[in-house]
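Here you get one chain, nothing else, as structure tokens; it is the form predicted alone.
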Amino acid sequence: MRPAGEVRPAGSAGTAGDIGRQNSSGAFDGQEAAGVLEWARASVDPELRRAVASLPGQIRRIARYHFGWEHADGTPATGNAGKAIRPALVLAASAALGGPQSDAVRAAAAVELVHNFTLLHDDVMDRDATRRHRPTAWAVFGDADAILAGDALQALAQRLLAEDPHPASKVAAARLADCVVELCAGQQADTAMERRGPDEVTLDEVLAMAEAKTGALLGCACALGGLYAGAGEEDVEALDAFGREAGLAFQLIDDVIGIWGDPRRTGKPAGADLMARKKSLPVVAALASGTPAAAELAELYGLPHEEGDTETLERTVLAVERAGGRDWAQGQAADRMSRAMHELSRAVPDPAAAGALLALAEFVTRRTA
């Protein structure tokens, strides 16, 4: 197998292996992860832009706005198109198993298109008015157009794989389609939970929902990287398991950020998940703690949120923390990353070859936005 260090990032003099190299303490720092993400974005963006350019008129305009390439009036923008974690996982997994970077770029772009399909739909369903520090697509163009733009991105993802001459493309397309079904099931479970009382949702349920809604696509991204590198079934499944566990860690940290994150970094209002009464992982853990703070939280969650009621929001944040929700989520994230590392070692025993994947996994649990 060729180590990841032999894969040269687009537009960079360094390598994926250089980016994922351990520092003197043996840990992978944020700068290294940032380099992996930059490498992935530079590699995948041209393919993404070509795909989106093939969309018809207004749908293309909405997609370009969503990706941060245009303002609402259609003029060019240099906005944030997202972190590129999922395409980075595709490319890093392929590189770790000796696959040429160029072979997996279409698969990486397909995964990013599916991810953005889910974001467009989630924003409509959750009524989130901001993403990446500006109004969401539905808030600018309306629900119907945002949903249709999301549908079009999913179709583009499948077309990229259908037209890809790589021998793994057919299996990859089927795997990505199965993943989309799992994502939809996870989202359906999430929305159904919002209609249930605070004491009617269990931790097992919300963990299963999070694996389907978040872990599935990260696992699929890693598995597609393995497929495009020509990996065997056992290695592909280990990479999928790595991505799923890392995805659960990602969701746990995301839920923590959703409550305690700095809006200047997240691009979303503080406590947005609590205001929407979402059954996020820290909240469900807090509710299940059996503490006096859990009882207070259940009472607060039974009340409708009133715009501008910062006092109740602050009480709710404090109740989640006092009931142990924050500590539980952070501890669970560490445990899931430990499991992820075990799965990764099955597919890529050489830490040097796995450098970029390890850097991304470290980033997942240390990010603040």
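Since the structure is predicted, the reported quantities are computational estimates derived from the model, not experimental observations. All residue numbers are counted from 1 along the displayed sequence.
The same protein also has a form predicted in complex with a further copy of the same chain, omitted here; what follows describes it.
Taking the partner from elsewhere, Glu245 is found to have every heavy atom lying beyond 4.5 Å of a further copy of the same chain in the model of the complex. Within 4.5 Å of some heavy atom of a further copy of the same chain in the model of the complex lies at least one heavy atom of Asp164. a further copy of the same chain is not drawn, but in the model of the complex it has a heavy atom within 4.5 Å of Asp145. A residue is said to contact a partner when one of its heavy atoms sits within 4.5 Å of a partner heavy atom; Arg159 meets this definition for a further copy of the same chain in the model of the complex. No member of the trio Met209, Val317 and Met337 reaches a further copy of the same chain in the model of the complex with any non-hydrogen atom inside 4.5 Å. In short, of 91-99, 288-296, 166-174, 257-265 it is 166-174 that has heavy atoms within 4.5 Å of a further copy of the same chain in the model of the complex.
When you look in the model of the complex, the only residue of Ala238, Ala152, Leu274, Ile253 with a non-hydrogen atom within 4.5 Å of a further copy of the same chain is Ala152. This chain is drawn without a further copy of the same chain; in the model of the complex, the residue among Met193, Ala270, Met125, Ala129 with a heavy atom within 4.5 Å of it is Met125. Residues of 43-58 lying near a further copy of the same chain in the model of the complex, listed in sequence order, are Leu55, Pro56, Gln58, the criterion being any heavy atom within 4.5 Å.
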